[in-house]
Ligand SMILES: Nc1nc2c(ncn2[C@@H]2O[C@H](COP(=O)(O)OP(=O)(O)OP(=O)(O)O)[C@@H](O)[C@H]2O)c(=O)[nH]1
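In the block that follows, a single chain appears as structure tokens, in the form predicted alone.
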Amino acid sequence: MDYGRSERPAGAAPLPTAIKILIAGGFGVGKTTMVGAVSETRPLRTEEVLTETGIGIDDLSGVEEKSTTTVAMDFGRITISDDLVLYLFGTPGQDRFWFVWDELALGALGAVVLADTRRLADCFPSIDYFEGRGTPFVVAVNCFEGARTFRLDEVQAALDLDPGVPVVLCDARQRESAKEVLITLLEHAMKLREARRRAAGD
């Protein structure tokens, strides 16, 4: 049976470009909060209540008040412009859910690695993962109340980042702050893509 090719009506606005972005980082760093704050639709969440079975497995140091955890992903969407829509996938933060990451990372343009200066070492698994895949990423320091503040160059040095990796401050609870982080990632990813294109042409 033959099917006619579907065509958009003449004069119709072009469909926006859809881009997949990952929101990563350690346990309790604010990934679910960021996706929820910036998403223009009701975010999809896969949170479960922490139970006694996680004792000795889930490290609650610095986030003792946390009572839930993401077990698969968070999902949200934000329109950056008329021709650009971002689909956000928040990754689970605990080691026991790492098997989900490879599926979530497929087709992603880049990633935001959220950092908490109280537990900066929790960033390393995410950073190592994206460096290993060659995925562009930025580090966003989530400014928790009462946490010690550091200069961005100090954070970059502590995480042993390539000088070209952007490090920014953010408040994951605030939509505009989270949006600025995403724009920084887009600009960084586009810059890297252009550099690779030029290198391939040499």
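Since the model is a prediction, treat every value here as computed from it, not as a measurement. Counting begins at 1, following the sequence as shown.
Unshown form predicted together with the named molecule; subsequent notes refer to it.
- In the predicted complex, the named molecule sits within 4.5 Å of a heavy atom of residue 143.
- Of the heavy atoms in residue 133, none are within 4.5 Å of the named molecule in the predicted complex.
- Residue contact with the named molecule in the predicted complex: residue 173 places a heavy atom within 4.5 Å of it.
- In the predicted complex, the named molecule lies farther than 4.5 Å from every heavy atom of residue 39.
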